[in-house]
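Next up: just one chain, as C-alpha cells, the form predicted on its own.
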C-alpha cells in the first residue's frame, strides 16, 4: 500500500508547520472523540492503535460584547453559565439539544450515513432510534429554538456562530439533529495532545509505515487514469499502477486531476455542490499574555463583520502553555481563522491580493484584542496571515476551500456526497464526503468509504 502526500508533512488542513522556533497548527482543529463509543475512538480500536492525551479542564470560551462564556465537559456547569449569560430558556434548550446530540452519535455509528441509496434508506427505516430522531432531522435548529421560550438576539447570534464552525451553516438552515450534534460537540472531552492534533496524524503515519505501508512525502498526485491493473497514477517523480485508488481530494480537485475518461464521474457532484467555505487565517508567535488558566480555544463574536475577511466571528487556538514543541518558554503559538467566501478572492491581481492580505492581518489581530487587549503591546516574533489563495497553494485545494460542505437542507436535497464514484476501485475520503469537518466526521467518513473496497 502506498500513501502519497503532496507536502513534506502529513495532515493537510490539520497539519502543523514550523516557523522561527514555533510550530503552528494549520487550521482551527480540535481533537475530540477518543472515547470508545465515538467514531474516532472506534476506528483507533479497530486498528489497534493507542493514542493518549490529557483532557482539557476548559473547552472553549466564547467572547460576546467583550465578556467570555466558558464551556467545559461538565454539563451542569454549562447549564449554569448559559443561564447566567442567556437565560433559563436558552440553557434548557442547550441541555436538551446536547442530550439529543449524544444519542445522535450513537445512531451515526449504527447506520450508513449519508445514505448511498435505497438500501441504506431501508436500513434506516428499520431502526427504531432513527425513527425517534426523524422529527429532529425534518426541522431546522432555528425553528426548534423559536419554540424554546424567551430567547435573546445575543443567544441566537451565539448559536449561529458556533454552528458555523461545526456544521458550516447557521441555525436557520441546519437540521436540528445536526445542530444538536454541534452543540454536544462543545461539551465533549477535548484532548490536548502535545504538538496539537497534528501529532495524532503523525502517529497514524508512523503506524502506517510500521505496518508495511509506504509513505511518499513531497509527492503530489498530478493525474490519474484507468490503467492495466486498475488505475495509473502520475507524480512528478514518475508514474505507477494501482489496483485501488483512494482520493483524499475534494470533488473539484478530483475532477481537475482526472483523465478525460474519468473527469465526467465528478460532474454531477460539482453541479449539485458548486461551492464550500474558504478561510482567512493568522499565525502568531506571541508573548504569553493569555495566562495559564485560559481555555485552549476561543471564539470571538464581533459586533460587525470584518470588512475584508467577511467573518462575523474569529476562532482562536492557543498552544498549551507547557508545550515547548509548539513555542519557546514565555510564548504561545496561536492559530486564528474565520470563514470567508472563496469567490471573494478569485481573480485578484498580485497587488490586490497583497493589499487584502495585509488588511486580513490587521483585522484578525484586532479581533483577538477584543478578548485579550494585552496582545496589542505583546512581543510577536511571528505574524503571518493567510488567505484562500494562500490555502490553495498550501493544500492544493481549488479556491482554498478548506471546510466541509455546508450541512444544510439545500445540501441534503442535492444528495450529500458519500465517497462513492460509481467506478469500481475508485473512492474519495476527506471532509467533503461526510457531514461536518471535524475529526470524528473525517474518521467515520473514511471508515465508511473504505468498506466499499472490501
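Bear in mind the structure is a predicted one, so any value in this text is a computation, not a measurement. Numbering follows the first chain given and starts at 1.
The form predicted in complex with a small molecule exists for this protein as well; it is not shown, and the discussion that follows is about that form.
Peer 1: Tell me which of 23-31, 47-55, 63-71, 411-419 has residues with heavy atoms within 4.5 angstroms of the small molecule in the predicted complex?
Peer 2: Residues of 23-31 come within 4.5 Å of the partner.
Peer 1: Which residue among 197, 163, 180, 368 has a heavy atom within 4.5 angstroms of the small molecule in the predicted complex?
Peer 2: Only one listed residue qualifies here, and that residue is 197.
Peer 1: Under a 4.5 angstroms heavy atom criterion, identify the one residue in 125, 220, 146, 383 near the small molecule in the predicted complex.
Peer 2: So the residue touching the small molecule in the predicted complex, by this definition, is 220.
Peer 1: Is the gap between residue 4 and the small molecule in the predicted complex 4.5 Å or less for some heavy atom pair?
Peer 2: Because a heavy atom of residue 4 falls inside 4.5 Å of the small molecule in the predicted complex, the answer is yes.
Peer 1: Residue-level question: is residue 445 within 4.5 Å of the small molecule in the predicted complex, judged on heavy atoms?
Peer 2: No, residue 445 stays farther than 4.5 Å from the small molecule in the predicted complex.
Peer 1: With the cut-off set at 4.5 Å between non-hydrogen atoms, does residue 319 touch the small molecule in the predicted complex?
Peer 2: Residue 319: no, not in contact with the small molecule in the predicted complex.
Peer 1: Tell me, yes or no, whether residue 255 is in contact with the small molecule in the predicted complex, where a contact means a heavy atom of each within 4.5 Å.
Peer 2: Outside the cut-off, so no.
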